[in-house]
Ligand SMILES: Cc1cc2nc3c(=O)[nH]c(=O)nc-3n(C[C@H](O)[C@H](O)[C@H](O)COP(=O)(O)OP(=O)(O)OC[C@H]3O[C@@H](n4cnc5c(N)ncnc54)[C@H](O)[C@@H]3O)c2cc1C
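The chain below stands alone and is given in structure tokens; this is the form predicted alone.
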């Protein structure tokens, strides 16, 4: 396993609670849209075993041509030790990234794509949308639906409806509106539904989609292949 040590080159305050840490691209490090990585703080590998409290599984919110690795995360006032340490990092501090992989690349099968996310989960979809804007081959159209009760919606300049690009974006701040809209979107029985959020959020979305007749193979989750059956089985539970 190769560990890439790299430096923070910029910290962007997206909203009062959400920051994007922009990292230098280490030589030889590559990724694609929809990728996640293991993001670790200094000292995580100082002992005989990795200190898992200093490691988090994070989505990469940028594309390679942006020349920085973007890690977008919510840091609340009351937060974990990891988030507290992260909040205190400055430009120039070192972090580590390793085990990078994409479970949710953009499928180009000539179908409509629906991106369903909660809060900062939208960071996973940012590179997919940018990739689609650059090359729309074999994608009929994309619709993004995001729920965030804080109303501090993320990446609003990118997630902005554009008829000429066959892209629509929708933000809601409550669950009732969100799930009613998911049901409406599921009227497209051939569509592909990408879902990103907490495990509870995934299960709730899968239940709604399955009730509307959407098949498991039409639902894309940011999970390893071996984890998919436990979410996509008919008897959904966590």
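What you are looking at is a predicted structure, and each value in this text was computed from that prediction instead of being measured. Positions refer to the first chain, counted from 1.
Only in words, not in the display: the form predicted in complex with the ligand, which the text now covers.
Colleague: The ligand isn't shown here, but in the predicted complex, which of 105-113, 126-134, 79-87, 143-151 has heavy atoms within 4.5 Å of it?
Modeller: The contacting stretch is 79-87.
Colleague: At the 4.5 Å heavy atom threshold, is residue 59 in contact with the ligand in the predicted complex?
Modeller: Output for residue 59 is yes: heavy atoms within 4.5 Å of the ligand.
Colleague: With a 4.5 Å heavy atom cut-off, would you call residue 96 a contact of the ligand in the predicted complex?
Modeller: Residue-level check for residue 96: no, no contact with the ligand.
Colleague: Within 4.5 Å, heavy atoms only: does residue 117 come near the ligand in the predicted complex?
Modeller: No.
Colleague: With the ligand taken in the predicted complex, which residues across 23-49 come within 4.5 angstroms through any non-hydrogen atom?
Modeller: Contacting residue: only 36.
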